[in-house]
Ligand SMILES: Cc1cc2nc3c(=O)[nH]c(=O)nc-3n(C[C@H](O)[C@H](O)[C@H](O)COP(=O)(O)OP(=O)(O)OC[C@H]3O[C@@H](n4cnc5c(N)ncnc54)[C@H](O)[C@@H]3O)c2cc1C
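Quick heads-up: it's one chain on its own, the form predicted alone, in structure tokens.
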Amino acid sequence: MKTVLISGGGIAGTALAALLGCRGFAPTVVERAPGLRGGGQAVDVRGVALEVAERLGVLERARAHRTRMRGMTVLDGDGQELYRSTESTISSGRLDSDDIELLRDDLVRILHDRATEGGGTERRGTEGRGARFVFGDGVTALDQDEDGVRVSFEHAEPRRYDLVVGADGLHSAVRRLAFGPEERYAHHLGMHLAIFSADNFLGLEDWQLWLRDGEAGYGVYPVRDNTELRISFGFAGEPLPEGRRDPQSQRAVVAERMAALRWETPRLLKALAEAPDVYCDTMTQIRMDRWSHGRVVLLGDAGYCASPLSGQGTSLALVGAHVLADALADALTRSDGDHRAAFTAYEERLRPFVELNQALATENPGGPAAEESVERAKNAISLDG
């Protein structure tokens, strides 16, 4: 049984763990956070990714957790209504679509339950009948040879694995260790995004609000049966200097850039200061000529982040996990376990799909990509191709 270390316990890594566990592999997931990460925005499972969810056996549970928006209002800088829609929202697209919008933390929990077949979420070393999850640790070094990879960790003793998968996001440690500095592959799209949770002090009921004034704006929508809000701040600008990337400095920068906005901005900034779960980062794409090096391969945002501007990051993670799991399983049975053949097949099948979906983020800098472009991109691969 081949051992696979997956760095990153988000959507991509957890989905891959579930898929490999039922294909004859022994996957271990290592995640820096002390447990499953909470917070985050609503994400979309679209097109072919719905079929991945069905094959994983999580589609119905994902549907049960979907958001239930009735529509949205778009506001000017003073909070005056420009238009409203009961047919679509900015975050999820058409409301009559079969696509699913749900909270990121709900989807990760659903995938984790599937990967471990009911396993727990203790700090380091939880193990169900499927994948093993190690929380509160991270990869610090990779030493490859012909037979495997010796992996060093922040806390645990070094261990050997047959393969290593970097599914550890935009700022992937595995990518840095195996391929070099992030700057070689990161392409900044000129925007920043901050997402956080708050009580529903606006009293929204299954309805989104979006405000934009110049190069800054925000979206607000209720979740958890209208008891909470998810708030997304966006603003234009260059990447923050190295000295301003700690959480407190990021909050200060966000507050500074959003302060000129009017309407409910003061109350939203107060919620930002009090929020327990702020995520802040640049809108960046990762573009690489190859996603594998020896026995190390990249998955999801680590290898081909499309940025939230594409609306397809979750679908890329799920589809990428399925294509990689299939390629590895096929190599295990047909080519004497040759990981090189598996990684080549993975890249050849997935790259056109990735490129089409990454293009969604730059098609319309002022807003979402055209509906026909999204429809084409989200279905641009066959799982059995």
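Numbers for residues come from their place in the sequence shown, where the first is 1. Keep in mind that this is a model prediction, so the values were computed, not measured.
Same protein, other form: the form predicted in complex with the named molecule, not shown, and the subject of what follows.
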Exercise. Choose from 163 to 171, 211 to 219, 290 to 298, 141 to 149 the stretch whose residues reach within 4.5 Å of the named molecule in the predicted bound form, heavy atoms counted.
Key: 163 to 171
Quiz prompt | Proximity to the named molecule in the predicted bound form, single hit among R32, R340, R68, R63 (heavy atom within 4.5 Å) | solution = R32
Quiz item: Which pick from F235, Y279, W207, Y185 sits with a heavy atom within 4.5 Å of the named molecule in the predicted bound form?
Solution: Y279
Quiz item: Wondering, does R109 line up within 4.5 Å of the named molecule in the predicted bound form on heavy atoms?
Solution: no
Practice problem: Classify T28 as contacting or not contacting the named molecule in the predicted bound form by the rule of any non-hydrogen atom within 4.5 angstroms, answering yes or no. | Solution: no
Exercise. Answer with yes or no whether A12 is in contact with the named molecule in the predicted bound form, where contact means some heavy atom within 4.5 Å.
Key: yes
Self-check item: Proximity of R251 to the named molecule in the predicted bound form, heavy atoms at 4.5 Å
Solution: no
Quiz item: Using a 4.5 Å cut-off on heavy atoms, what residues in 199 to 216 are near the named molecule in the predicted bound form?
Solution: none
